[in-house]
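Only one chain is shown below, in structure tokens, and it's the form predicted on its own.
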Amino acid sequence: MKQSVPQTLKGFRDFLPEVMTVRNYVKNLLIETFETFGFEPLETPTLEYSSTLMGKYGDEADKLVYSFTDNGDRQIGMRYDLTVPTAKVLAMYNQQIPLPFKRYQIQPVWRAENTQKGRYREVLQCDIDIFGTSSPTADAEILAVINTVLQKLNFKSFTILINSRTVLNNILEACDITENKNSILQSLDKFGKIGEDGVTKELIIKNISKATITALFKYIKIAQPDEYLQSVIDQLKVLGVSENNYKFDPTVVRGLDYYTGPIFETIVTEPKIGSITGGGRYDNLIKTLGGPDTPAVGTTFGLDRIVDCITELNLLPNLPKTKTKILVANFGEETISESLKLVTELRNNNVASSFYPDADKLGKQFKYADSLGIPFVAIIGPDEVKNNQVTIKNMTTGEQKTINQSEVVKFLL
């Protein structure tokens, strides 16, 4: 039988421990911030009925949903985002969930994308949403969380671009655009990447008249926030968001069809990676899924893109390669019981510890600890057993120190 060559599917990735250390650092910082702002955790299934997912995102996004017929002849789809599945939860459990409901959710989603830098087919999304209120304060709080997270992650330069579907609808109405609205907005959504000339060329290809295109950019240039959006913006300063970190941008569209009010996304100047957060208000989605009329606003943090950014920009603190504090060496059968007792005592005292399973030469065990970034190695040989002691080797300095076993926990803490 021919041996296959192991490989990972295009658009999917394996994360080795060193990368997972960074990802977990960012994820834990997100969770800590979300909970500080009063958000509660939630999870939903990987698979949903296709009828739950399809028709909620728009024609272009619907094409990216992984869908199939399962063994029970059911039409199934894999999560495309976290918003629609959560809206389903609100529709199903509306009697059990007190409103307003502030939830966070961190789970992978799948999209049949054309892969490129910062765009993968499996990504870990980190969402926050507030359900059951139409107050502009809820929108402003979402923006304040974005600002807080990016500052904690040491981003020096980022901009939260803010717009509203109301502003966009007013622009289309002023231009007498009654047909091809979604198609025009899809082109306008590319403004940040291809500029006015690029959008103009694309609209011409779509047979939009030059007069309409001229009017479109005329009204974009004079557009102002609507009353609701202005209320959101007014509250940002009170919530501690610097004016340097956000900007009204009437060209921001957000491609998903379910948005109804304010929309926002965050960009960084470098690296050129697209938006790292995106969201908005979607007041009709839960009703569309058969639930009560429940307003909602939220955003997603693209953890994969954020990790790519902070790694490239070297924004991380000096994270240890491992959380393991000490490796307990294996000196052989003569002392293995004492070594296992020590590693158990360390763990009982919340000292992250690992035991080397084979009685290899100590040099090999030291090399192993060093390769993992474990800062200390504990050695119990016959002499240490006789004197109830432990020899501790500092892997950074090379220094060795013999202490009483009763002092090991205190030494490490």
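Small disclaimer: the values here were computed from a predicted structure and weren't measured. For every residue, the number given is its place in the sequence shown, counted from 1.
Below, we refer to the form predicted together with another copy of the chain, which is not included among the displayed structures.
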| query | finding |
| --- | --- |
| Stretch from 170 to 178, 254 to 262, 337 to 345, 270 to 278 whose residues place a heavy atom within 4.5 Å of another copy of the chain in the predicted complex | 337 to 345 |
| Interface residue in the predicted complex among 245, 183, 166, 322, criterion: non-hydrogen atom within 4.5 angstroms of another copy of the chain | 322 |
| Residue (of 223, 213, 89, 233) lying close to another copy of the chain in the predicted complex, criterion heavy atoms within 4.5 Å | 89 |
| 4.5 Å heavy atom contact, residue 194 and another copy of the chain in the predicted complex | no |
| Touches another copy of the chain in the predicted complex: residue 119 (any heavy atom, 4.5 Å) | no |
| Any non-hydrogen atom of residue 317 within 4.5 angstroms of another copy of the chain in the predicted complex | no |
| Partner contact for residue 35 in the predicted complex: another copy of the chain, 4.5 angstroms, heavy atom | yes |
| Heavy atom within 4.5 Å of another copy of the chain in the predicted complex - qualifying residues of 12 to 47 | 12, 13, 14, 15, 16, 17, 20, 24, 35, 36, 37, 38, 40, 41, 42, 43, 44, 45, 46, 47 |
